[in-house]
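Just the one chain here, laid out as structure tokens, in the form predicted on its own.
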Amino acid sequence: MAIALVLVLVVVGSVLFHALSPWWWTPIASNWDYIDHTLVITFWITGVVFAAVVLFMAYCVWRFRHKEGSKAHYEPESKRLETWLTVVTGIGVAAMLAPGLYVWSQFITVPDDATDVEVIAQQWQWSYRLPGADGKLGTSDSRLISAENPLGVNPEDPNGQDDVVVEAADLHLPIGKPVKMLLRSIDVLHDFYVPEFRAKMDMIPGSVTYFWFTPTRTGSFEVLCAELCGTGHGFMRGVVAVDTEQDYQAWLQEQSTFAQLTAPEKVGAAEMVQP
């Protein structure tokens, strides 16, 4: 009886902890409330299964407890029970997968009017590149990275000359406009994650991954690396600020383009390149 009672208390305690817990998701700041809904569905399904299994265990402990003179009944198989369990399990798995597949389809279908924003990760900082007046990002290559060109922008690509370069600083985005985040790592595995946006993706050296979202409220949101990337992983943090259109344009005017950062500067008779 003590074991059965403990199992029942585990279920009751788990339900109360979930219902009364002060730990919950951060307020959402993008269009991805679908992800929250999917998590809630998963919690309900797995929670019901957990409660049912543990309560069934408690019932079995109580119902089939030892009694003098009783003998166990051995039944090697039950096709009826196996069929029932297979059908119920299949329905439960499908109920968890279907919302996720629906959300994933939306997650990778980028709107035509989304603005490309490149995120560059390296141990242990975040940098960004935004399209300039032409609305196009120039090409880049990790083999072009140098002290003068830390993001590896292709200097031969005319589309990259007016690209806005934000190195190891905060990223600003306008509210209400979809953005496609192009994710690139120049050393090891990283993962660009802003909890309030509910969107994240691994960043793989040699590849460009992506996700998209639309900011829905202004504010400053912390960027985290969700992939263990070395000894400085815990300090790899940044900020994404979502601004009104006026504030965003004011910030944009203060940033330097790739052409400005790499333009030669004359000092007396000598010529040097700006860092």
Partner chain sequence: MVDITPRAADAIAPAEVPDVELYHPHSWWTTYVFSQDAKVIAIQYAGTAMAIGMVALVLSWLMRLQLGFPGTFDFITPEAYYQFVTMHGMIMVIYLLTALFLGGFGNYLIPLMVGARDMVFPYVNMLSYWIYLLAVLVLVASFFAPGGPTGAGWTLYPPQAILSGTPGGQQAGILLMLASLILFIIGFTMGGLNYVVTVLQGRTRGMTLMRMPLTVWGIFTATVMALLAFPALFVACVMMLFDRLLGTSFFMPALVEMGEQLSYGGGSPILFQHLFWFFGHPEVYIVALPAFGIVSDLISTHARKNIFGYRMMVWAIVGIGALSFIVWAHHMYVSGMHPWFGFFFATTTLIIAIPTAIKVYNWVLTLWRGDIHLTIPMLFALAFIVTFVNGGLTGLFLGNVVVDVPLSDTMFVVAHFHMVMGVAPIMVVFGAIYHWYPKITGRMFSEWMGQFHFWVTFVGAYAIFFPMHYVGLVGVPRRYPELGETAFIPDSVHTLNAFITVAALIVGFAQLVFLFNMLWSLRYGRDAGGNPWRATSLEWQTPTTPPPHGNWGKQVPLVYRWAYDYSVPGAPQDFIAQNDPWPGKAAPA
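Basically, rigid core = biggest C-alpha set you can superpose within 1.5 Å across the two forms. Numbering follows the first chain given and starts at 1. Computed from a predicted structure; not experimentally measured.
Unshown form predicted in complex with the partner chain; subsequent notes refer to it.
Would you mind picking out the stretch of 131 to 139, 160 to 168, 174 to 182, 80 to 88 that comes within 4.5 angstroms of the partner chain in the predicted bound form, counting non-hydrogen atoms?
Correct option: 80 to 88.
Is S21 close enough to the partner chain in the predicted bound form to count, meaning some heavy atom within 4.5 Å?
Because a heavy atom of S21 falls inside 4.5 Å of the partner chain in the predicted bound form, the answer is yes.
If you check in the predicted bound form, is Y210 within 4.5 Å of the partner chain, heavy atoms only?
Judged by the heavy-atom cut-off of 4.5 Å, Y210 is in contact with the partner chain in the predicted bound form.
Heavy atom to heavy atom, is I28 within 4.5 Å of the partner chain in the predicted bound form?
Judged by the heavy-atom cut-off of 4.5 Å, I28 is well away from the partner chain in the predicted bound form.
Indicate whether D202 is a 4.5 Å heavy atom neighbour of the partner chain in the predicted bound form.
Taking the distances in the predicted bound form, the answer for D202 is yes, it comes within 4.5 Å of the partner chain.
Between 181 to 213 and the partner chain in the predicted bound form, list the residues on our side with a heavy atom within 4.5 Å.
Sequence-ordered list: I186, D187, V188, L189, D191, Y193, P195, E196, R198, A199, K200, M201, D202, I204, P205, G206, T209, Y210.
Align on the rigid core first; then say whether the Cα of D113 has moved by at least 2 Å between the shown form and the other one.
False for D113: its C-alpha shift is below 2 Å.
C-alpha of S78 moved at least 2 Å between the shown form and the other one on rigid core:
It does, since the S78 C-alpha is displaced 2 Å or more between the shown form and the other one after the core fit.
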